[in-house]
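Shown next as structure tokens: one chain only, the form predicted alone.
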């Protein structure tokens, strides 16, 4: 079905193939670049599931490990094949999805067939799986030396008792050693079935060609019965208000978070996301009064920024940056939230912020990568992404104030600080 969105002047073809695969095509006539995303509803937090009536608990880091191993095909070099076709290819694993993608200006059909083929073809030998453990162990060591990763993971440890967001996407040294070919095959069968995946293409392509190729390459049936843990009960107070450690950094850096209620999939969750982004802009966005004051006082610099972060089953308002007095930044944000709740926000100011946010999101459609990724991610969240203008129009200033009153409180707040070592 081809649907037109007059507010955005966009079209989107969307269908579900007989094998359960969702196919979305955003036509961009006249463009030479084509981009394809092949995404599965499986990420680092999805380690507990039932497949055909059998319960499984996979080792932490298995989703990322599986992403790496799918590029292995017997006697072939997938990356080299893409390069020979003139395409750029890559993949990533997040907390709640795994995505494989390529972009090209020629040989699109061959590239698409290659993408679908290698992602849908599990090939795991004991020798190659064990070899990968060393490669991923090096990745784990590298991220352990990254202050950006450390400050985020430290904050998650502070804020969440139950939700697996506190577990690194890469897993741990001891958990990746538990991964076997049998575990990878089980996870592939559970989550890399067509009914759990989305294929999205942006470019000068014909939707019927995309559907034909997908039908020819992918399995024709999807008979696996899978149940997945998707919620983790959490109190809204944080277990730990502050943590800090030392690393090789030039000046102290911090990440601050405020715990928010996770919403169910669908329009309600996306509406909350848009509202929370506006709340972040009003509270500490670059055009806010607080941002300017903190900057003038030397408490923040150009590294400071934030917004609303959502992962399946969790949500938080967050900001981060470099500061010699991170606790003072935290206290100022809490005080500013109290002031906004008490004094309110001018309607004209709210309207300006709303128009600006809508404009930025609309401009983001110029990016093929952003458009393709968001179409997939929002579909998996149960929302048609191109419907976002309507949600902006429905927002009211009282909702923003109520969000700040509920979320930006000391009880829901935690901060993680990375300070320089003595010899830094």
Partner chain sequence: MIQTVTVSPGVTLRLFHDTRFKQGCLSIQLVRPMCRQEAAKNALLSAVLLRGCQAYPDLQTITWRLDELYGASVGTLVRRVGDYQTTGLYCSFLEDRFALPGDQILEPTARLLKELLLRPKLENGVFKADFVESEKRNLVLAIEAQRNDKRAWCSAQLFSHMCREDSFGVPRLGEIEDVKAITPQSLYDHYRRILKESRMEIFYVGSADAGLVTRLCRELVEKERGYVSLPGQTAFTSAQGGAWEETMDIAQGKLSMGFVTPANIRQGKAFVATQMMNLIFGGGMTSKLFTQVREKLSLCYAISSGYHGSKGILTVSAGMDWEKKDTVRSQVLAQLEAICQGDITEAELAAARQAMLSSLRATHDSAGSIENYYATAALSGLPYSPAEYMQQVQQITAADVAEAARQVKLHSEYFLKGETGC
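Positions refer to the first chain, counted from 1. From a predicted model like this one, the values you see are computed outputs, not experimental measurements.
One more form of this protein should be noted, the form predicted together with the partner chain, which is absent from this view; the next part is about it.
Under a 4.5 angstroms non-hydrogen atom cutoff, the partner chain in the model of the complex lacks residue 53 among its neighbouring residues. Contact check for residue 89: a heavy atom falls within 4.5 Å of the partner chain in the model of the complex.
Taking non-hydrogen atoms only, residue 397 never approaches the partner chain to within 4.5 angstroms in the model of the complex.
By the criterion of a heavy atom within 4.5 Å, residue 417 is excluded from the residues contacting the partner chain in the model of the complex. Proximity to the partner chain in the model of the complex, defined as a heavy atom within 4.5 Å, singles out one entry of 224, 251, 73, 162, which is 251. Exactly one listed residue, out of 79, 180, 240, 347, brings a non-hydrogen atom to within 4.5 Å of the partner chain in the model of the complex: 79. Of the candidate stretches 228 to 236, 287 to 295, 326 to 334, 210 to 218, only 287 to 295 has residues with heavy atoms within 4.5 Å of the partner chain in the model of the complex.
Counting a residue when any of its non-hydrogen atoms is within 4.5 Å of the partner chain in the model of the complex, the hits in 5 to 43 run 7, 8, 9, 10, 30, 31, 32, 33.
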